[in-house]
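The chain that follows stands alone, in the form predicted on its own, written as structure tokens.
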């Protein structure tokens, strides 16, 4: 959109750029095309654009995607967007992107996010769309250059810190280019930059307890100039860790400050202080009862044997709902031997040899969610290929969270409304474990 067009349109709408909303309208069309190109839109993608304004980026982005959600806080511009871009494949949302419910986007994955972010609220929006769980795969943002430099900073620099590490653990961040103030109306008083965030591939960096990682990073940078041995003293004491030995193991000087440790060293530090148990080390040791077509025990076998030979065995699934009736779903760790990296019931697990369904259900809730709650039986699913040859007893429980999720077993989790889950399952059944899909109708029958 040309500068003269923007000026004419704003005048016709009787709109002046609102400083309180951080409005700066991009008027360089070549630059707008280039920014949109960095998103690498494909025909199957769902686009989310934050702060589309008068549509300077929108007009170039919409032809390249399947559908779009446009989010703007200014009611005056929302009406303009609805007049110019509304269609069956475009949803226009009047609201604050920092409060947008990202979970609603899962049925529309793959999701790519674009935005000229208001500088005063950029950090909140960044965390909103990059925190787990998020269906976003690629994000291109224009924001304050200072923030872009902090996100993409290297160790031992003044910009390297909490933001760099917390976002960098899950996302690759690249500062693409800086922008002159002259390409915006009105011209901002600070420099701007375009950044690209792409989701890290599984295994690109080691797994760790994400919440614990974030906590020690914040501790380590709470007083930037102090050494880590002092900043992490309480955590070292709680975990009975010797800093001298820890520093040697992660190949850091004993006098290291937070800014001197790379992302890999910070992850190694988190794993030393709170190790993540690798499922692969114990998965084959479990012993299950083998059962016949009537669910009667006929023998025992290891987990590996049961799965390799498709022997009938037993399992439980527990649906945990909150007070609002939303269902908690877990995303399975990629270390799982079956259905890695997909969404599943709130808690689920095999019935070990000699154990019963009810006691196993209570145990799985304690082990996978970290809470002790009563469970109510919903029904039984017969063994089939869809259940992995498991007879499944399904239970329901109520708890509002928060939960303590074991990172070796569960990548992330969140509450979702049942209508949203139904929409998601219909649109993308491949996102879910097949056993969960078999059990879900039992919960739907109760609602």
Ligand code: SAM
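Residue numbers count along the first chain shown, from 1. Small disclaimer: the values here were computed from a predicted structure and weren't measured.
Another form, the form predicted together with the ligand, is not on view; read the next lines as being about it.
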Completion exercise
in the predicted bound form, the residue from 118, 349, 168, 135 with a non-hydrogen atom within 4.5 Å of the ligand is 118
Completion exercise
The listed residue (149, 344, 207, 74) that reaches within 4.5 Å of the ligand in the predicted bound form by any heavy atom is 74
Completion exercise
Only one of 38-46, 415-423, 376-384, 64-72 sits within 4.5 Å of the ligand in the predicted bound form by heavy atom distance, namely 64-72
Practice task
Spell out, yes or no, whether the shortest heavy atom distance between residue 110 and the ligand in the predicted bound form is within 4.5 Å.
Solution key: no
Problem - Close approach of residue 435 to the ligand in the predicted bound form, 4.5 Å, heavy atom - result: no
Handout entry: Contact test in the predicted bound form: residue 179 vs the ligand, heavy atoms, 4.5 Å
Key = no
Practice task
Considering only heavy atoms, tell me if residue 95 and the ligand come within 4.5 Å of each other in the predicted bound form.
Solution key: yes
Problem - Sequence-ordered list of residues in 21-35 near the ligand in the predicted bound form, where near means a heavy atom within 4.5 Å - result: 21, 22, 23, 24, 25, 26
